[in-house]
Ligand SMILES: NC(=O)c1ccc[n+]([C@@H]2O[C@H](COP(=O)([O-])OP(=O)(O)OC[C@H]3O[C@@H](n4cnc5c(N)ncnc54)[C@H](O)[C@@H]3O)[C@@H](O)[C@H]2O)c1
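This document opens with one chain alone, in structure tokens, the form predicted on its own.
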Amino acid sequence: MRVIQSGVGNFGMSWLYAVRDCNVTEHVALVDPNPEALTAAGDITGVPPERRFTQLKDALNSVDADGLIDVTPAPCHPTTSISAMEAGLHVLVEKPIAENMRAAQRMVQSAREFDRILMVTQQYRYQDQPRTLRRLISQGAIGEIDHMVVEFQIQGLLQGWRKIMPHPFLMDMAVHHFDMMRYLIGKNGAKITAQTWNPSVSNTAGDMNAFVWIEFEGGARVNYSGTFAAPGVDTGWNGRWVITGSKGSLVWNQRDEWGPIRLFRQDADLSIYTDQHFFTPLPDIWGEPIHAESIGASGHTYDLYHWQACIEKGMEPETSGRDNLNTLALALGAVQAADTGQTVDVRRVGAEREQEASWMAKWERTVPVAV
């Protein structure tokens, strides 16, 4: 599959290697306004200088390709991705799909209009452990989900345009965890409340810490705390999860010495227990260790395989643009809740009037963005 990659700088580097090392894709052109980034990307991918462009329109007019990997800043996604779909290319776009709901809806509508596959790179769900968690939940291992407690801590030193985003943590990091919540619960968000702030150890202008409370359709609730400003503290990129249902709990913690996934079984009739602690562990083990089944490729590589398979079969990706509107609604709902101090109806997110991204305009005055 022949792909053009738009955006090959810091964040785009991982995609350069993913495409290069995946046996179903190859770079046929690179796009970035930064000549130094283009040179470095060309050295990695082997794309010759004549197929390195500073503007996407030049690549679309000069190179035959099957798809576009859109790694431009989120405010640029609608222009970049829609231009590619209009030119006949399928699109794999980085999260968040767009910076507001109206723009994302335009992208989804364009995919429908031009009959193209639009997929969002929510690769956190494409890993062995969350796939195993979802299987256990769907099989009823812990009954009906009642609530989740999710914690994320990383010292994130952001670069480039992310340093001036109003809500870099919610829109650039928590969006992964919001998507994972949707995946594991199997429902969309209903109501959301949030508080955000920017601690002194942050290297950005926008808020890097968040407390978020979410009620999902069906009643499951999530208590989520996250920070991109935690020197010396590292939960791992997936974070720590406790998922509690009517028949027990699942604990997912990649840093846990007992194992990344543990299952605690509980009889729904608590009257049979005489001890306060009603979990029943196996001898000398805290919970039942669960060994995740391998799904083979994971992360960005899974993204590429899944995208290519959906194109060949004409089917909608699991993380399609259409489905991902529900993940974006959670991220935007959290931003709105944090900014207003009110509980937000997630199902109504998107009724806002689309406005110019002033923070992006500020960044473009310093560093141009190729669209």
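Quick note: we count residues from 1 along the sequence shown, nothing fancier. These figures come from a predicted structure and were not determined experimentally.
From this point on, the text means the form predicted in complex with the ligand, which you will not see here.
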| property | result |
| --- | --- |
| Heavy atom contact within 4.5 Å of the ligand in the predicted complex, the stretch among 81 to 89, 131 to 139, 188 to 196, 95 to 103 | 95 to 103 |
| Partner contact for residue 124 in the predicted complex: the ligand, 4.5 angstroms, heavy atom | yes |
| Contact test in the predicted complex: residue 9 vs the ligand, heavy atoms, 4.5 Å | yes |
| In the predicted complex, residue 207 touching the ligand (heavy atom, 4.5 Å) | no |
| Residue contact check: residue 76 to the ligand in the predicted complex, 4.5 Å heavy atom | yes |
| Residue among 243, 71, 180, 158 with a heavy atom within 4.5 Å of the ligand in the predicted complex | 71 |
| Residue (of 328, 304, 31, 334) lying close to the ligand in the predicted complex, criterion heavy atoms within 4.5 Å | 31 |
